[in-house]
Every structure is written in C-alpha cells, then in structure tokens.
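Only one chain is shown below, in structure tokens, and it's the form predicted on its own.
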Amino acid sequence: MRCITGKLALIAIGGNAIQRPDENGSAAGQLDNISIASGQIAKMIKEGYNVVITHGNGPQVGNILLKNEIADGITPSMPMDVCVAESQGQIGYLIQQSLLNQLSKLGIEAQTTSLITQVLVDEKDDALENPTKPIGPYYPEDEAQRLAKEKGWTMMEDKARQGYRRVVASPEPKEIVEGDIIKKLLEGDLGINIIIAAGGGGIPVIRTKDGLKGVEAVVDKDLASFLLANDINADLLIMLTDVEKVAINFGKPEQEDISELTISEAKKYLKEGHFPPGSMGPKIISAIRFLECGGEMAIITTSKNLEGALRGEKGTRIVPG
C-alpha cells in the first residue's frame, strides 16, 4: 500500500465525538466538533501521514430514526440500513468540507472522497437477536423506562455519560464490500486523497441468492474500522471518542486511567469486564485484532488530544506484547 511520505493511519471518529451527549445535533454543532478532529488530522497529513477516515453515527442515525417515527403516516419510513446510508452521506459531507478547509489553511492541496460503504454480516449471527449497540440521544432513567414500555425499545445504561440509550442489533462485520475500491483509490496516483469510508460501521448487508440485501441493524464502527485497517495494511489504528483515556474500574473510587496497554493486559481487563460491550469494549477488541494482524499501534483518545497522543503525551496507546 502506497503512502505519500510516511505511515498509513486509519482514524475512526466516534459518533459521540461528532455529537456530544449534551448537544442537540445541529449541523453547525456537529461541524464545530468535526473541525476539532479535522484540524488535528490536517496536521498529521502535513507531517506526512496518509489517512483513511471512518466515523460513527450512533447519535445521528438515532435521530434519523426518531424523525421517521414522528413523520410516520406523512412520509414513508426508511429501514435502518437506508438510515445508515443517509447518515454516511450527511457526516461524510461535513468531514470532507471541514478537512479540506483545514488543509487549505495549511497550504496543502488535497482532495477528499466519501464512499457509501456496505459491510457484509452473517444472517445467522446471534447478535441480530441480542441488541447491544447504542443509538440516538441519552435519556434519564424514568423516560428510558417509559420508552421501553411504550415503544418496546431495549434500553441500556451508559455510566460514562450518565444516561440511558436505545440499543439495537449489532452483528459482527465480516467483509468490507467496497474494500477493493478503497485500496485502488489509495494505490492510484491521485496525490493527497483522503478517503472517508465505512461510516457508521458500514451499511449492514447479507448475501442472498438474489444478491446483497440490507438488514435492520447497525454495525459497530470500531469493529468495521479494524477490518478496513487490516484490508489496507494500515500502520496505525486511531479511535477518537469523548474520553481522553481508557480506564479500568470506571466510575468507581479506584478508577485508574491508563496511558499504555499491551495486548495481554487488554485481554485480561476485557475478560474481567472493565470494558463494556456498548462502550469501550469494541474499541479494545478492535485494537487487539489490529495488533495481532500485524498493526504497529492503536490509539484511543479525544479529537483535541490526537496530536499529543501521537507523541505519547495523551490518550491510551495499545501496543504488542
């Protein structure tokens, strides 16, 4: 895989880093948050990194589904896979624009490409019957209980953000359908071309005798990001979220923020239950898989701390060992 002057980094921008829990999700607000990440990414590109970007969509696709419900009977509701595609277009556009503007400030000529991306899942995956992926806004406990009763939603507490969210099925991603196209875009003689792909974990699809078919689910962005990072032989997997560091005993008096984890330590803490499935768990699993497949390093931190994390001053690094 060709890098322009240096290492290839896959950067996964979390949905909660784009729309924070206490925000209403306006386009202007999301763009402000994205500009923090894109400013840091632009500096990376100036330093010689080649970059591929993925992004989450938990808050955003949840809001799209809410609009569907409110407008039911007025306009046709779209299935979840179509809503994921819609979120890819919305967020991809904001990242493209913001990153181009940040690169222009640094005097760098570049182009960005957002690719509507499908991800293959197994129709027999048990996860399709066991919702774990948080989407939409945060609710206080009493409202979460009401929604669960009235709408039949499965709700899960997120202690890190002190609220409850709806959770939906999240099957394991098996293959990036457009993976070959992404590799060809990277290998082409296109100068600085930043690719934005697998938004929201990709649009979940299954193979049928008639071809691909979307399913009612949301794929975890971090697990899909590992797949793509492995496909393109990335050196670094960087996951941007709304907490600076990974912690064990989170929310307890003995909470401990961690600056560096080895694979063996990460596996140990994961087994002990320190990293929940709907929160830090998928990030840790993705980092472990990435490193075991030959990746150099994984980083978990906030958008504003990316530059410091690359220097080892901020965030959490997961390394072989």
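Just so we're clear, the structure is a prediction, and the values are computed from it rather than from any experiment. Residue positions are given as counts along the sequence shown, with the first one as 1.
Another form, the form predicted in complex with a small molecule, is not on view; read the next lines as being about it.
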| property | result |
| --- | --- |
| Proximity to the small molecule in the model of the complex, single hit among Leu236, Ala247, Val168, Val205 (heavy atom within 4.5 Å) | Ala247 |
| Partner-contacting position among Gly295, Gly62, Gly278, Gly39 - heavy atom within 4.5 Å of the small molecule in the model of the complex | Gly278 |
| Location of the small molecule contact in the model of the complex, chosen stretch of 217-225, 139-147, 105-113, 123-131 [non-hydrogen atom, 4.5 Å] | 217-225 |
| 4.5 Å heavy atom contact, Leu240 and the small molecule in the model of the complex | yes |
| Proximity of Asn16 to the small molecule in the model of the complex, heavy atoms at 4.5 Å | yes |
| In the model of the complex, His274 touching the small molecule (heavy atom, 4.5 Å) | yes |
